[in-house]
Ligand SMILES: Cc1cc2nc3c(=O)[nH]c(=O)nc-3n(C[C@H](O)[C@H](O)[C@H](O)COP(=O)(O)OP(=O)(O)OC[C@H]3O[C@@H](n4cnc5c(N)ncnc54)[C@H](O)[C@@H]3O)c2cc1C
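Shown next as structure tokens: one chain only, the form predicted alone.
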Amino acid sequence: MTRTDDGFLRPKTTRKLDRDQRRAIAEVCPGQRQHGLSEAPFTHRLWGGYHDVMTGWSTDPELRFEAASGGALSATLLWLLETRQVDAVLSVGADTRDPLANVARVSRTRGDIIDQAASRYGPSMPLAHVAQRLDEPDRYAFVGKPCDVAGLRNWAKIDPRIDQVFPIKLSFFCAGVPSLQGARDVVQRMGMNPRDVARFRFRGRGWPGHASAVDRGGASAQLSYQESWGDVLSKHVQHRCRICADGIGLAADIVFADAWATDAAGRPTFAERDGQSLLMSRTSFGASLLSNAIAEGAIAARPTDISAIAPMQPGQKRRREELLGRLAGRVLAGLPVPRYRHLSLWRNARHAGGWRTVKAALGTARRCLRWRSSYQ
């Protein structure tokens, strides 16, 4: 994987692939195909298959404060380690050589979990570190973007070692991957030089927390979540993420998200408060894990009606309802689209309405034609 000038990670072929390798890539890669088939007892057109929907938080005050959204994911990971259900966690954290960038990290202790807590809004490739661990005796919990977990599930279909070494697969709601340039722009908006940054956090230490940077001289600066994500990072999200059918962790055992509080009009509010997580178990195994984590006191949680997710996550709702229109826009621009199956594209488009679907199609077609060379 190589980094482009604007800070995205892209594959570079180092030798010619044979037919079997190309076939394996096509079967595993979640960028080419996604499906929404689920064995869960309940299915929602927007939010997919599920066993339980809850809101909650870590019962550990330090984890709840350090993490991005109530610390439920971090608390689950620490509980898995402490109860020896896994030996380690494979996730993503800050690159010590470039604090704005991400690297895959292995966590084995409470200190590791706290160090990796909080969101990392930038390119990452945890799957690149899976193959080298497939012959190890350790068992891992895997934490990745929805596409990472979908790819791992696909990989398990052709290599049974995946489920033996990575028996627990966790994810989070994802609004798309911004480029590394997005993080640089956040730092510049703080009035700092990205090359001078020694430590950088996108979120955490409160909810939603601030983006914060410390330079080599010890000077610090920060931006609110609305400024860093809403005004800067969201503008740098790559196009492929904007036509993704799964920003909600459909392939995970448990998926976590921000359970944003809403105002009187039903819109999310981002005033600082104690963090709260949305939790959805998608497999029977995940439902059992979640139930046990709550019973053993790692997480405090209460059942939540599925209808409460839409006001908490309006961006995910909008993207799923407009997805068919965006795909149509790519077709109009003469570009290929991924293969999506059982993901309620037509049902969601009907709820969006004809005008929103047409607007999404025309807007996507216009952008694709303008920057077509960047998207191929």
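A residue's number is simply how far along the shown sequence it sits, counting from 1. Note that the structure is a prediction, hence the values are computed from the model and not measured.
One more form of this protein, predicted in complex with this ligand, exists but is not displayed; see below.
Participant: So, in the predicted complex, is G249 in contact with this ligand at a 4.5 angstroms heavy atom limit?
Facilitator: No, G249 stays farther than 4.5 Å from this ligand in the predicted complex.
Participant: At the 4.5 Å heavy atom threshold, is F166 in contact with this ligand in the predicted complex?
Facilitator: No, F166 sits far enough from this ligand in the predicted complex that none of its heavy atoms falls within 4.5 Å.
Participant: Residue-level question: is S344 within 4.5 Å of this ligand in the predicted complex, judged on heavy atoms?
Facilitator: Output for S344 is no: heavy atoms all beyond 4.5 Å of this ligand.
Participant: According to a 4.5 angstroms non-hydrogen atom cut-off, is Q34 in contact with this ligand in the predicted complex?
Facilitator: Answer no; every heavy atom of Q34 is more than 4.5 Å from this ligand in the predicted complex.
Participant: All three of V28, V130 and V149 touching this ligand in the predicted complex at 4.5 Å, heavy atom to heavy atom?
Facilitator: Per the other structure, none of V28, V130 and V149 touch this ligand.
Participant: Using a 4.5 Å heavy atom cut-off, which residue among W155, F200, Y121, W79 comes into contact with this ligand in the predicted complex?
Facilitator: The residue in contact is Y121.
Participant: Of M190, C174, L180, I243, which one comes within 4.5 Å of this ligand in the predicted complex, counting heavy atoms only?
Facilitator: After the contact test, the surviving option is C174.
Participant: From the candidate stretches 192-200, 265-273, 121-129, 288-296, select the single one in contact with this ligand in the predicted complex, where contact means a heavy atom within 4.5 Å.
Facilitator: Looking at the partner contacts, the answer comes out as 121-129.
Participant: With the partner left out here, which residues of 314-335 have a non-hydrogen atom within 4.5 Å of this ligand in the predicted complex?
Facilitator: Result: Q316 alone.
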